[in-house]
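Just the one chain here, the form predicted alone, laid out as structure tokens.
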Amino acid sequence: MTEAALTSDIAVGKGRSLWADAWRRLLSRKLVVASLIVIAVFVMVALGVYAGLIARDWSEPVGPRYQRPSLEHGFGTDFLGRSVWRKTLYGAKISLTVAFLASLISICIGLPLGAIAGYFKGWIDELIVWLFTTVNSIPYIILILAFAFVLQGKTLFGYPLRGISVVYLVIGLTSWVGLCRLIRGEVLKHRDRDYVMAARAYGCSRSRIILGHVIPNVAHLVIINFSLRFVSFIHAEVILSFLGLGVKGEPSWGVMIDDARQELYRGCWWQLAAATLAIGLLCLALNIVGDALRDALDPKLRQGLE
């Protein structure tokens, strides 16, 4: 690289924000770009299902029962003659909706609790640490199963909890501990930094310092945690639906795997293959983007994308 080009590159990078620089780093890797395209396709499929443009007739038979994959039906048909391809597309809506809403619930609980614990310290910190330590001491699978049993058939603000609403509530209410601990540790480091001390000297209230100064400086951790936890939330939805505690009456990927158990005895493998292929492809793409995003936003790891 010539000296002029190097000087130009430095000049351009000098005025680039953290987010713009992170985006540039992400787009510089072909594997990450391919993963972003895969995620975008799944999101568009989910939105198409919501809009009624895709797989709206998934419950209608399209051919004979247990038809093998063919040019007419790419993933074959199930025990009722329904298209496995349409069910797989519809399952994208269920998984992405559950993962997204569960992530929002987890952030709404873990972020404020972690910020409050880290900033105030003292008995408030001890109380919150005791709370997330207690929750974390219970095995995760037992915790989500217990919540799923308790919430089934209940109402929240007059809205009956069943199916998909139970799934994202259960996952969101049981998965905030990791984010809370992460934010608490980061806020403990930020509370005594110069910009926080300056805000205190200026007379800013504690709530304004936390909301307007501290949280924006740890927001990148929330984004990284969101991208990495998204995969585990998809897995949790599949597990709950597989055990009969999740989505009912709709073809989620977990329900498809549960249905495929009986079909395997007849040598019908295509419904299991379709669901696992969709899960594997989406989770692989999310993991690649999540790892790259962590490298791009974490100052200690950003050299990994150079």
Partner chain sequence: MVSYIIRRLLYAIPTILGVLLITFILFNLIPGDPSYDIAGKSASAETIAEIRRELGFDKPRFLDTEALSQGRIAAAFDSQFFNHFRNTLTLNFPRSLTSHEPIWDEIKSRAPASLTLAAPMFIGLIATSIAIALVVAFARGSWVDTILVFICVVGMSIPMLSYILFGQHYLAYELGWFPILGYESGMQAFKYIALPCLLGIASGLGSYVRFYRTVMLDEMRSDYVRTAFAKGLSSPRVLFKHVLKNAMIPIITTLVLSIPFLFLGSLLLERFFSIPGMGSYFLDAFNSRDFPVINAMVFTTSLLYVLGQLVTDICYALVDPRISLR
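Positions refer to the first chain, counted from 1. What you are looking at is a predicted structure, and each value in this text was computed from that prediction instead of being measured.
In what follows, reference is made to the form predicted together with the partner chain, a form of this protein that is not presented.
Check for me whether the partner chain, as it appears in the predicted complex, comes within 4.5 angstroms of all of W23, A51 and F100 - heavy atoms only.
No, none of the three is in contact.
Could you tell me if I39 has a non-hydrogen atom within 4.5 Å of the partner chain in the predicted complex?
I39: no contact with the partner chain in the predicted complex.
Is S165 close to the partner chain in the predicted complex, meaning a heavy atom pair under 4.5 Å apart or at it?
Because no heavy atom of S165 falls inside 4.5 Å of the partner chain in the predicted complex, the answer is no.
Test of understanding: in the predicted complex, would L243 fall inside 4.5 Å of the partner chain by heavy atoms?
Close contact exists here: in the predicted complex, L243 approaches the partner chain to within 4.5 Å, heavy atoms only.
Answer for R261 alone: is it within 4.5 Å of the partner chain in the predicted complex, judged on heavy atom distances?
Judged by the heavy-atom cut-off of 4.5 Å, R261 is in contact with the partner chain in the predicted complex.
Can you work out which of R193, K121, H213, K154 has a heavy atom no more than 4.5 Å from the partner chain in the predicted complex?
Contact with the partner chain in the predicted complex is made by K154 alone.
Which residue among V32, I279, A46, A55 has a heavy atom within 4.5 angstroms of the partner chain in the predicted complex?
Result of the distance check: I279.
In the predicted complex, which of 108 to 116, 193 to 201, 215 to 223, 144 to 152 comes within 4.5 Å of the partner chain (heavy atoms)?
Answer to the contact question: 144 to 152.
Of 276 to 297, which residues get within 4.5 Å of the partner chain in the predicted complex if you count heavy atoms?
Heavy-atom contacts within 4.5 Å come from T276, I279, G280, C283, L284, N287, I288, D291.
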